[in-house]
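First, one chain by itself: the form predicted on its own, in structure tokens.
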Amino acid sequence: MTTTTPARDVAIVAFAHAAHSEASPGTTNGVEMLAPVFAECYEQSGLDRREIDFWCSGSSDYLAGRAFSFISAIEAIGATPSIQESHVEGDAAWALFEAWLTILSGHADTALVYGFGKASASADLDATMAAQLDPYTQSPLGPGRHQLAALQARAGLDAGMWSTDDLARIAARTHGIELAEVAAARAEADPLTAFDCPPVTDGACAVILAAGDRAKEIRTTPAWIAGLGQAIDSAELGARDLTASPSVREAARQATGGAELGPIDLAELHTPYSHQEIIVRRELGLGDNVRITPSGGSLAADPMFSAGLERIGYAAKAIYDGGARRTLGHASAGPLLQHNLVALLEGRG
């Protein structure tokens, strides 16, 4: 979707996420994680929940193990008054996309977007994640999620597109450790070590969007959405070049309306595996002058169905905290960077 001439200006004005945990004690409906996250967003924005025109969430029934599991999460909002609400089955970055369109169309002036996932509740996370693969030839084989990523990493190594030293440098930077520690790490799925793979993470995240003057009332420097784009590659892994992700490039093209990406101060990339950062950086053409995922990103903590929205939230926070003027938030979904979303954000004035 080309976004060069949006009908209205829309900005991110608040962002919060729950503490990352490898095993949170709450229920799978996310209420315990979401309630304090909502409260922090209200405090940041000065808005009351009754001033939110539209609510949109991202989560997964597969992960929760029951149909319409997101309905229970609405308890974190409150029973009254009635609300205008929607949900996407996936990362909440795509819920942000829907909320953005809702505001652009004039059906809302404010929106709260949230995502949540309790991966630790899954008795067999590999089996759950395999359900997103081709149902005839791949899903029945039940490949592990790290083993699939290892196939992608190996393809790049064999093609000379990256080296094990490249992966080690990314892992060391992300985890704040020395290269020697990475080299001594146990193999998780050859050629990936434990430091190249994301930990199981429970988490929740929320952002508030506001239009035009409403955003200016809330923030001195709102993080304006300059463009959003999304695209998807084939679900058939055998039909894809696993060392590339054309949908990243296409999502960026949509976000810019076909123009050059332009200067970017900071990019928050949703790359759960170390080698995937190389793929996404290459597709976006990000140089060494761009700060890459200073939050630590999903390689350090990968809360399912909110990690992508977190990347956009951190990219927005860098603007309204004064640390950057123009940032990029990236989210991915599906196996091996299949589905990608790019958000361009900027401060103005």
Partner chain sequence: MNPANRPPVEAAVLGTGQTHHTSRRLDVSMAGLCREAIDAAMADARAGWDDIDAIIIGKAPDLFEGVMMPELMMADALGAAGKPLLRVHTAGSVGGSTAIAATAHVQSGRFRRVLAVSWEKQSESNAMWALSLPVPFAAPVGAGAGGHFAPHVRSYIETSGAPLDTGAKVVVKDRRAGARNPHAHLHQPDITVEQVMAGKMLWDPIRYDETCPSSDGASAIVIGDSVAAREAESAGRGVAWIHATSMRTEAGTYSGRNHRSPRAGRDAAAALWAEAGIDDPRAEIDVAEIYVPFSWFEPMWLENLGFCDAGDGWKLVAEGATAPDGDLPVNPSGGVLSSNPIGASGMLRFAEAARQVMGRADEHQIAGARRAFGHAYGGASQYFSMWVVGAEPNEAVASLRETQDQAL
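Just so we're clear, the structure is a prediction, and the values are computed from it rather than from any experiment. Numbering follows the first chain given and starts at 1.
One more form of this protein should be noted, the form predicted in complex with its partner chain, which is absent from this view; the next part is about it.
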### Query
Among Y320, F54, Y314, F38, which has any heavy atom within 4.5 Å of its partner chain in the model of the complex?
F54
### Message
Please identify the residue among A108, I218, A189, A172 with any heavy atom within 4.5 Å of its partner chain in the model of the complex.
### Response
A108
### Message
Whether V88, L104 and Q230 jointly form a contact site for its partner chain in the model of the complex is the question; each needs a heavy atom within 4.5 Å.
### Response
yes
### Query
Given that the partner is absent here, does P263 sit within 4.5 Å of its partner chain in the model of the complex, heavy atoms only?
no
### Message
Can you tell me if S122 lies within 4.5 angstroms of its partner chain in the model of the complex, counting non-hydrogen atoms only?
### Response
no
### Task
Spell out, yes or no, whether the shortest heavy atom distance between E75 and its partner chain in the model of the complex is within 4.5 Å.
yes
### Message
How about Q147 - does it come within 4.5 Å of its partner chain in the model of the complex, if we only consider non-hydrogen atoms?
### Response
no
### Query
Among 161 to 169, 266 to 274, 201 to 209, 96 to 104, which stretch sits within 4.5 Å of its partner chain in the model of the complex, heavy atoms only?
96 to 104
### Task
Using the arrangement in the model of the complex, list in sequence order the residues of 113 to 139 with any heavy atom within 4.5 angstroms of its partner chain.
T128, M129, A131, Q132, L133, D134, P135, Y136
